[in-house]
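As structure tokens, one chain now follows by itself in the form predicted on its own.
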């Protein structure tokens, strides 16, 4: 395996700029997940690494070698696509062996690699079947097996689980993670699914309109978003952002004083957006007043949607277990200082706590 380095990469299609100076280094054996909404440029970035698109600026290195001008087959990478892209008339064995045969590999080595990958992926008993005889999950395993047999420097995944049903996606997420760990594989994985990103990634790269919003470990990105975009995109429901004003060692929200962590100050009178995740709010007899508009009883927890009393700012609380509440109720949410995030309403960037 090898490092993948993306340095100041830009991509334009005519006058449309899709990627803007994207830089990130993926360590040997690391899984980087590129996360963002549809149209943000994440698949384009992956295709640039694969050589399916030429970069308009910047440099891509795989294993220390600049690959900008190399064809896909010369880059020593393997890609798993959203669609399985299996040959319907070929057996599982032949689908997995196809690329190796094209490279002129000897038959014994092809047999060794295919059967080894099939054993790893639980496909050993299915090698004679055609794709139409397989389930969706089995087909995706074949697609991954076709990538594994190449023994590449890096694996690229372009939303490989998006065509599977919800239950199968859970199973396949675990299988992808287990496989990557066993192979100690360097991987770049593109998805718009937050759960996939949080469970599969050693680090996340959050992309917005072709620009990097934040790079970091999944929990760091979740707990300390560096922008309002990341705060609103990561998490379900997303982070609450409430209008506030600095008061030195506290902030004032809807007439309530919310203390900041010890040693932290906010400039008195400065407009601020206070960020707090729905699951970090605790319902009690005092705190931020919430006027209930909608209650989602999910069984394991209850999501309460409403507004901050006296404002039109949405306020959402995610409370554990079953909570008896109804539209029109007034509830109070206490805000723990450790869970606070502060944002500049003009720039949208985080203010350090």
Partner chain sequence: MHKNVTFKGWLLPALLLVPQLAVTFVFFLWPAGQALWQSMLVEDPFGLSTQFVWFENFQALFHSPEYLHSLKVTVVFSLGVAALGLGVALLLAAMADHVLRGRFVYQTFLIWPYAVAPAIAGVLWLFMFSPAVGVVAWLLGKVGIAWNHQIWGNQAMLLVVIAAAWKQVSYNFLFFLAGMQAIPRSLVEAAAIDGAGPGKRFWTIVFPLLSPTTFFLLVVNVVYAFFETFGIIDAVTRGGPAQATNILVYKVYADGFVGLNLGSSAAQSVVLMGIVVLLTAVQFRLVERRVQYG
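Note that the structure is predicted; figures quoted are calculated from it, not measured. Positions refer to the first chain, counted from 1.
The next section is about a form of this same protein that is not shown, the form predicted in complex with its partner chain.
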Does the trio 79, 90 and 132 actually contact its partner chain in the predicted complex, every residue with a heavy atom within 4.5 Å? yes
Have a look at 191-199, 165-173, 255-263, 90-98 and name the one stretch with heavy atoms inside 4.5 Å of its partner chain in the predicted complex. 90-98
Look up in the predicted complex whether residue 120 has a non-hydrogen atom within 4.5 angstroms of its partner chain, and give yes or no. no
Any of the heavy atoms of residue 318 lying within 4.5 Å of its partner chain in the predicted complex? no
Quick one: does residue 50 come within 4.5 Å of its partner chain in the predicted complex, counting heavy atoms only? yes
Would you please decide whether residue 282 lies within 4.5 angstroms of its partner chain in the predicted complex, comparing each non-hydrogen atom pair? no
Considering 105, 124, 85, 209, which brings a non-hydrogen atom within 4.5 Å of its partner chain in the predicted complex? 85
In the predicted complex, the residue from 72, 243, 232, 136 that sits within 4.5 Å of its partner chain by heavy atoms: 72
Near its partner chain in the predicted complex, with a heavy atom at 4.5 Å or closer, the residues from 133-166 are 139, 146, 150
